[in-house]
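Shown next as structure tokens: one chain only, the form predicted on its own.
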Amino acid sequence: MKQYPVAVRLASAAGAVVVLAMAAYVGWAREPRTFRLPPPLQAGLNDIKLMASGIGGAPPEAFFAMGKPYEAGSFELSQGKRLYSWFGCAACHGDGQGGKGPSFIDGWWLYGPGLVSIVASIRDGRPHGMPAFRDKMTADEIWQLAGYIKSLGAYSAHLSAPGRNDDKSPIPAENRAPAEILFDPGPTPHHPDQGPTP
């Protein structure tokens, strides 16, 4: 067996350590995860400013301070997908195509497609059957679920996506803009009971 000089063995060991350190850094820096928000941030996420009509509004300062993770973070979207299943959202909304509750991918949002409107709908409930989840979920979970629901009704593709389903789904993956693919505006330019197209 051939023996390599000590300098060559040390150089290859140092190279291996550098490669492992770089791999660990890339894995860590890829997308940082926060598993539990500090209480001040949790409280700050509840400070949304809705318009008087209850449709649309401004996100809280905490949302911007965190870097808007609920719309583009794969971890946050995966958590939202898990919550969608856990809290039985599919019982009314199906896989996003609707049922007893409205569809998320038909292109029409009764209370607006903005993340703040979706958060308000989940947190406070809406007339005609949407229950309030204010006392059942944390503010962080409500925002995660809202981010996932917004991804279901997306009109533009995103790089981030939640974990994939193992079963067949009639709709495209959440990061493939299912609303844009499946939305059929029909022969009329607007939906008569919900205003003009988005």
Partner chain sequence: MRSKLNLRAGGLLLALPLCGCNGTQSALHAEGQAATALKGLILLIVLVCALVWIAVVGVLFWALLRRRTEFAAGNKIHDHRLRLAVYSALAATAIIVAGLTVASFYATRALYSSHPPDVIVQAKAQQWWWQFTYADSENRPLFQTANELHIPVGKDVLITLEALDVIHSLWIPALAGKQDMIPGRRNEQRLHAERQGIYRGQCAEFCGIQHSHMALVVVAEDEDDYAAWLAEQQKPAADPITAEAEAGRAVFLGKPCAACHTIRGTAAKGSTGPDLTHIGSRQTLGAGLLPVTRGSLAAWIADPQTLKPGNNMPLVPLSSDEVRQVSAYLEGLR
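Positions refer to the first chain, counted from 1. Predicted model only: the values in this text are computed from it and were never measured.
Keep in mind that the form predicted in complex with the partner chain is not shown, yet the notes after this line are about it.
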Note: the partner chain not shown here; in the predicted bound form, the stretch from 43 to 51, 57 to 65, 147 to 155, 130 to 138 having heavy atoms within 4.5 Å of it is 130 to 138
Does the 4.5 Å heavy atom contact test between Y84 and the partner chain in the predicted bound form come out positive?
no
Can you tell me which residues in 99 to 116 come within 4.5 angstroms of the partner chain in the predicted bound form, by heavy atoms?
none
